[in-house]
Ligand SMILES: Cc1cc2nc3c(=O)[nH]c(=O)nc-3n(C[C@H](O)[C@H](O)[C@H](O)COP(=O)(O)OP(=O)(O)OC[C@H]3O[C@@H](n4cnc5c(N)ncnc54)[C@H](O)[C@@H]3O)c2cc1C
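Just the one chain here, the form predicted alone, laid out as structure tokens.
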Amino acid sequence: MSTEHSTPNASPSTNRFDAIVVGAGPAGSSASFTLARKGFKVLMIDRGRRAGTKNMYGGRVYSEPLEAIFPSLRKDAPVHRWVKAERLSFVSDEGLTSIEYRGGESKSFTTYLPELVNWMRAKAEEAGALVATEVRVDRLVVEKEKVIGVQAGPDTVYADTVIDAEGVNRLLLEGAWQMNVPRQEDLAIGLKETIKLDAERVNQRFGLEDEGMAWILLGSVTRYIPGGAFVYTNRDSVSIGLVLFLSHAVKRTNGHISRLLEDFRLHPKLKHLWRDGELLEYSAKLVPEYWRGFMPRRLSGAGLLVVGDAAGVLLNNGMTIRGVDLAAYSGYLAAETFTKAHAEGDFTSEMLSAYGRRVEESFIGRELRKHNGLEYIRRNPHFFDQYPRLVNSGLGRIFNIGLESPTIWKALRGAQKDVGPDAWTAIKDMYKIGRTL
């Protein structure tokens, strides 16, 4: 078992720890840091060459939850740009309509996730955690219905509790708990490219002054497949990508799905923004889309806590996407639960079930429940097909005038006749949006 670092708390030969964390992403690194700084013997295992190399996300991180865990974040984290420009666009063959907000103080930033996670990993090591990389955990070791450790190849390592931060592909959990394979309806697929541009061109093309922009687009950018596109400005690059609801993507995509991302990059209304840039990377991954369907029925068992994507803590409310901060904070809550259990000397399922209550009572649970009504929008293709076309067709009639201009009502009625849906359906959908948002 190779290690990145050896600490006074543990050595590579140690086969017993207070806690073993599987996965060095935001959730696993936060849990490891929180436990190590309390003096616990912590082993964090990751199958990547370095912490974060197996991680993929859009490009933006909300800072407050991470600042509560890592107090020095604003001082020394690898922040590229603090986001101060928010843009939402509806794109169709008829045109592009955008709503933009620019504010003062920022509570989110752009970065490369491997850089951020590696920084978090370093903080965990500084606190005393041992990190083992390029190690694949094959199974959770269970004895008398209690998780007592992990097996990686010929090695077995033991702990009072294992924190599962393995991500959306929950192979360990499926093996230990006989969980059902996730449904397509509860998953999305994320596709991303990072395009190198110097900082001056990023600022000029997006109208920025070293601040960041987060841009969500709906409509033809996904070929009207339910989901959306995103653009995030980094220090000297741009991250672009798609998040598509998996069940719809499977039915409506012909050929390799990467072609959709290529079409987005070459979109005639957008390609000028990253022209002459250098493609740095392409990545793709499954992400939990509907938390209620994907979240395990229980987030803990005897000797086991489940955090991050494996726990389904990701929120896409159509205008913002939150994953890293929710995952990191779930790792923190798991560490706090372990601390209490250790004080009691009790790692039973009853004691560790407090973690699920902590998640439910925290901002994570409140946010997920608050936006649960978004499921109506996600399942309604009108929002990704007809409504973007309706907005652009109606505004085209208003602004592209000859001798006479139509009233707003007539312009929208004309667009509705051309595009649909019928007026009554549109009224019901707008009512649902109002209640949801």
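Counting begins at 1, following the sequence as shown. As the structure is a prediction and not an experimental result, all values here were calculated from the model.
The same protein has a further form, the form predicted in complex with this ligand, not shown here; the description that follows concerns it.
> May I ask you to check whether Ile45 falls inside a 4.5 Å heavy atom distance of this ligand in the predicted bound form?
Heavy-atom contact with this ligand at 4.5 Å: present for Ile45.
> Whether Phe264 contacts this ligand in the predicted bound form should be assessed with a 4.5 Å heavy atom distance threshold; does it?
Looking in the predicted bound form, residue contacts with this ligand do not include Phe264, since no heavy atom lies within 4.5 Å.
> With the cut-off set at 4.5 Å between non-hydrogen atoms, does Thr34 touch this ligand in the predicted bound form?
No, no contact at 4.5 Å.
> If you check in the predicted bound form, is Ala165 within 4.5 Å of this ligand, heavy atoms only?
So Ala165 counts as contacting this ligand.
> Would you kindly say which of Gly323, Gly356, Gly277, Pro182 lies with a heavy atom within 4.5 Å of this ligand in the predicted bound form?
Of Gly323, Gly356, Gly277, Pro182, the residue with a heavy atom within 4.5 Å of this ligand in the predicted bound form is Gly323.
> Using heavy atoms only and a 4.5 Å cut-off, determine which of Arg292, Arg136, Lys107, Lys271 is in contact with this ligand in the predicted bound form.
Only one listed residue qualifies here, and that residue is Arg136.
> Thinking of this ligand in the predicted bound form, which stretch from 94-102, 344-352, 183-191, 256-264 has heavy atoms inside 4.5 Å of it?
In the other structure, the partner sits against 183-191.
> Can you tell me which residues in 64-92 come within 4.5 angstroms of this ligand in the predicted bound form, by heavy atoms?
Nothing in the stretch sits within 4.5 Å of the partner.
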